[in-house]
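Next up, structure tokens for two forms of one chain, structure 1 and then structure 2.
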Structure 1
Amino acid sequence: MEADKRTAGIASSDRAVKISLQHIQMVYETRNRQMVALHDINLHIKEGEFVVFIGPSGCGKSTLLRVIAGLLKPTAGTMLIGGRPTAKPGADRAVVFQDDSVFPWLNVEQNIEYGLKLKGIARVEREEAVDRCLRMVGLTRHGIRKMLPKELSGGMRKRVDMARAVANNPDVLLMDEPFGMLDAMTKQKLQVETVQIWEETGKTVCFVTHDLEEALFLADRIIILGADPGHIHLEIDPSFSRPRRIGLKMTAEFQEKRGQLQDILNALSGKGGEELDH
């Protein structure tokens, strides 16, 4: 598969490594036993790369994202962020969590500007950022800025969550099934938006999903994780040219790759036993 990388024109091999995981091991201590969630993960993600993680439920995708975020300290191995050993969370790596993490005591606007306020950014600029990010995630309903999270639907909250992460302008965006709860239309729209933001800003993105079309549409590189213990099973390069437009999903090549990916995952979950994905 020959690669026609970013429109920006920088060959992938020239870009610096942003995230480097070396022999990462994550063991959870539960009441009566140890649970190896990640085993010997070696992974190098380049600056500006869009990496998508897929794999059966419980294989450690969220755990891996939390390790990269610095929220979980790996039991073994080293993580380098931009070449520096890192074990703590920071504003350079924003997370869109799988679970609801929008602050319920702040309204939509206050949620989105949370990080900017901490950085001491002026009010006018914050207002602008809130507007821009709300539009980006498609939350344009009148009066939305002053609404409390409990007044929003689950899908709307997820989008506030995304807006909050993007508004903070991080180097790395870690997104854990951000579109899982959305309807097909909104999802499609946000996928296109995500590709656009990414093509424009050149952020490094780690994205978890169960949706194979989403994975193929977004990714530079798809990493398939296997379970028990969580490990990297296979890496795939979708190698569709960029910029990508939504019509891509309709092409025969896209659908063929989707089928191949499905087969790989089926074999993977089949091997793992009766555990069902979803």
Structure 2
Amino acid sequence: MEADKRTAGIASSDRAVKISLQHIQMVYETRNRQMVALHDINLHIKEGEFVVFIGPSGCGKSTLLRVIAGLLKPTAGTMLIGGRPTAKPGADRAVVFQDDSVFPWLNVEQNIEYGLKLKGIARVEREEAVDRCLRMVGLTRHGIRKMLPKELSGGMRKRVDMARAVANNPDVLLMDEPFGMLDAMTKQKLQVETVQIWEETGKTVCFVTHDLEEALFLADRIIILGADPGHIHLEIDPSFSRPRRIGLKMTAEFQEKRGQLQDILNALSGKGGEELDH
């Protein structure tokens, strides 16, 4: 199989560590007690790796993603991005949340180029970036650049969210259940487009989801978090070859691994009948 652009000539073991979390602790102070959201998180994520976080509700998946984004400062521990200690947001990281974060008063083009404009990027370069990012997310219909968010479907707004994040050319793309509010068909299309964007750009991606099929389809590595307090319980390599296409979900091997993952999560939840998948 021909290697994709991201990994051409570079074995996974030879890639540099992009994100290093060392003994990360996150404690929230409440009126009556302390709540430990994350306990002793140690994790290394390679450059260009696609890592997916799953686990029971309340295990700290979104908290961990916000720590990586610099939106939350950990109570203890060290985070390195590209080998440099950091605990603040930076242009090297972009976040796509579950809720729409497009500016309702800006049209599609203005939303996507917003960050580039703040950086003082020339208009011609901004237009080229908008063209490129619209193509990546499949928004190529005539006239769409001038449409306002209220004129778009939920799936189209999410594509604009993704395009805006990619347009700023971050090293790390952080995605917090970005497709959780979408219907099954739209979600599936966006999963495929996410893989294609990742293959084309080579970004390091950290992705939070409750959807087990989504996790298996997207990930190089799945990090399973346990709760009370949030901790890394297990790491799984789906071991599916790339490039991945949607037909993979219909294979017996994929469904077998999905079942195994469900068993692990059900055992973690302590409620054998409670499924974490959507």
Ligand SMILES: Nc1ncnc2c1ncn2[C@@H]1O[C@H](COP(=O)(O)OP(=O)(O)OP(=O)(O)O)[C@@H](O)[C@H]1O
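In this text, rigid core is short for the largest set of C-alphas that superpose within 1.5 Å between two forms. Keep in mind the model is a prediction, meaning the values are calculated, not measured. The first residue in the sequence of structure 1 is number 1, and each one after it adds one.
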Structure holding the form predicted in complex with the ligand is number 1
| M136: with the rigid core matched between structure 1 and structure 2, does its Cα shift 2 Å or more? | yes
* Could you tell me whether the Cα atom of E177 shifts by at least 2 Å between structure 1 and structure 2 after core superposition? => no
Whole-degree rotation of the smaller rigid portion against the larger portion between structure 1 and structure 2 is 15
When only the core is superposed, Q98 shows a C-alpha shift between structure 1 and structure 2 in angstrom of 3.6
